[in-house]
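Read the single chain below, which is given as structure tokens and is the form predicted alone.
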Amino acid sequence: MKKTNEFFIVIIGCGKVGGNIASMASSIGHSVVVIDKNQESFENLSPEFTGFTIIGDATEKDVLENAKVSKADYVFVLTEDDNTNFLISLQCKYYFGAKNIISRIYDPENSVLFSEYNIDVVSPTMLLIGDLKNILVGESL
């Protein structure tokens, strides 16, 4: 039986962001599966990481099925390419029925496309612009 605040999280892309989020989620008791095409990317995980890793291309259905995306409380799509993130997000949502998908986008203009399909996004570009704007208008971070 799952504890009240324990989530099953699938993270696609184990770069610096994916590795850190996976490590943090694992350290606070969440069940985590990380997918990446490159074995070396898993070096971004902390030594204390207790989740599972899958080497594979997350644009392929069998890789997402193996990660049990359909059972995930959250899917974080964090590859380095907006188009790849969009394709993976659509598969997770429409083929596997994942409920909570959060995708990273680099080009803020792509947020419109993702929102048309009800996919939540995080844009490092927009976050940085917001922080710098706050500094310029005299608000502290």
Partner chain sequence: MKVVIIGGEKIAYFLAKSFSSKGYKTYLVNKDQKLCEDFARDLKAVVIHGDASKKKLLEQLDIEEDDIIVVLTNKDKENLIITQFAKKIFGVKNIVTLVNNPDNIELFEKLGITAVVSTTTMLQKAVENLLFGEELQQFLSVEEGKLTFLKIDIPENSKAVGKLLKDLNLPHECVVGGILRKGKVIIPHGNTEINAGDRLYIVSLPTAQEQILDILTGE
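Numbering follows the first chain given and starts at 1. It should be emphasised that the depicted structure is a prediction, and the values quoted were computed from it without experimental measurement.
The same protein has a further form, the form predicted in complex with its partner chain, not shown here; the description that follows concerns it.
Student: Would you say all of 43, 127 and 131 touch its partner chain in the model of the complex, counting a heavy atom within 4.5 Å as a touch?
Tutor: The answer is no: none of the three residues contacts the partner (heavy atom, 4.5 Å cut-off).
Student: Given that the partner is absent here, does residue 54 sit within 4.5 Å of its partner chain in the model of the complex, heavy atoms only?
Tutor: Outside the cut-off, so no.
Student: With heavy atoms only and a cut-off of 4.5 Å, decide whether residue 61 touches its partner chain in the model of the complex.
Tutor: Flag for residue 61 set to yes.
Student: Could you confirm whether residue 113 comes within 4.5 Å of its partner chain in the model of the complex, counting heavy atoms only?
Tutor: Answer yes; at least one heavy atom of residue 113 falls within 4.5 Å of its partner chain in the model of the complex.
Student: Should residue 74 be counted as a contact of its partner chain in the model of the complex, where contact means heavy atoms within 4.5 Å?
Tutor: Output for residue 74 is no: heavy atoms all beyond 4.5 Å of its partner chain.
Student: Heavy atoms within 4.5 Å of its partner chain in the model of the complex: which stretch among 101 to 109, 46 to 54, 23 to 31, 66 to 74?
Tutor: It is the stretch 101 to 109.
Student: For the stretch 82 to 118, I need every residue with any heavy atom inside 4.5 Å of its partner chain in the model of the complex, listed N to C.
Tutor: Result: 83, 84, 86, 87, 90, 91, 94, 95, 107, 109, 110, 112, 113, 116, 117.
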